[in-house]
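We begin with a single chain expressed as structure tokens, specifically the form predicted on its own.
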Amino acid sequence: MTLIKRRDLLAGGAALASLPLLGRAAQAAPLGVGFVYVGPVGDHGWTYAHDVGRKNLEAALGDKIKTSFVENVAEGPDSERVLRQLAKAGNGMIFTTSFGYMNPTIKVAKQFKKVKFEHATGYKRSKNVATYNARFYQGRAVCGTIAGHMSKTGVAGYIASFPIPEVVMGINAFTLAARKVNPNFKTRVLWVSTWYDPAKEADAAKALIDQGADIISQHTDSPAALQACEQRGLHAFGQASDMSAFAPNAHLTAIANNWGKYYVERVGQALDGSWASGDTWWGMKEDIVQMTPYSKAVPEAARKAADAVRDGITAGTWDPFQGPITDNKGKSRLGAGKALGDGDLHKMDWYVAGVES
């Protein structure tokens, strides 16, 4: 594994470009696999989970591959430069792990047609660009079930990053599940316009608590919100990994992203020649979306209800978006007995009843 700092990557393009020649001469070089991260590997959230997946990949495929990563890459032009240099460095496969990398990935892939690109959470594909995501909303439904049982005020706070469908469907799944327990449940959303900013996340949690929320959920990546709840004696859910070490009394459970399974399969396909572009959206059934252990604070009734939701989703007998569904403006969005399809979820831009955004 190699950690490449952006300033070194951008400055050393010429030297890096010579590496593939050595590999071709030896005809036994490992497949270079690069990862581009939007945050630091130590965020204990989204980027941390992807890097755990990269390490799982190394453990599974050993000397058949050589991985590298660049962390803290801003979405936009900066990511395009990083992608181009990773391709020039001889990586045969590159994973870009944030929504804002979508257009740069497509652009660079056109210039490096022999390189296989995989973009997380996006929707644009080409012959050498595949997309992948996880059904996080399934885990949000489990969290919402617990919140519905445990909230004394009937109000949860939700710290949201950017208003893209992935985040919106998570807010909605959380709220729908909570309202199955408490029909008057409300979710107050505060948008912070960042994936990772501990200070902003902590301030957002405090603001939501001041507005009456006694449980906090988040679609941002640091444990700062949990720590704010710990200080106030309230509860919260972690993001992307088990964050209980940072707030042992506040942390109820978290969605854990098991990216390693996907990375091992797709890189294995690149090695054996069976890789093809496509879209993959795995969830609890495929063990990509997992729930971390419940804390002792979660009462038995909430545990049983949450387990029933998790097991039902895994078995395909329980759908977080089963009708009837009404939006927060009173409009019927889905009739009884129906369920939203993937196409509807991918373009979701509305909120269910109970969401205050």
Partner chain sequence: MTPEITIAILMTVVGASTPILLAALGELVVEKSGVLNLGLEGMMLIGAVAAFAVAATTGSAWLGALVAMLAGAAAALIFGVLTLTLTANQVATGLALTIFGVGVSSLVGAPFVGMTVEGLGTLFPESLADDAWGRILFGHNPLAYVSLLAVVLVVWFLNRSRAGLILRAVGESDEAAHSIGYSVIGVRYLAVLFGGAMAGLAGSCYSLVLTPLWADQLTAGRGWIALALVVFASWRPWRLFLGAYLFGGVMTLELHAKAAGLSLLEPEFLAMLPYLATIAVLTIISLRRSGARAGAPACLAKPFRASA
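Positions refer to the first chain, counted from 1. Quick caveat, the model's predicted, so the values are computed rather than measured.
We do not show the form predicted in complex with its partner chain, though everything after this point is about it.
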Which of 91-99, 106-114, 185-193, 138-146 lies within 4.5 Å of its partner chain in the model of the complex, heavy atoms considered? The stretch 185-193
Note to self: Does any part of Glu75 reach within 4.5 Å of its partner chain in the model of the complex? Heavy atoms only, please.
What the structure shows: no
Are any of the heavy atoms in Ala276 no more than 4.5 Å from a heavy atom of its partner chain in the model of the complex? no
Notebook entry, point to check: Heavy atoms within 4.5 Å of its partner chain in the model of the complex: does Pro198 have any?
Noted result: yes
Report task. Could you confirm whether Trp282 comes within 4.5 Å of its partner chain in the model of the complex, counting heavy atoms only? Result -> no
Original post:
Within 4.5 Å of its partner chain in the model of the complex, do we find a heavy atom from each of Asn328, Leu340 and Tyr351?
Top reply: no
In the model of the complex, the residue from Thr153, Gln211, Ser126, Asn249 with a non-hydrogen atom within 4.5 Å of its partner chain is Gln211
Exactly one of Ala134, Ala177, Ala224, Val167 comes within 4.5 Å of its partner chain in the model of the complex through a heavy atom, and that residue is Ala224
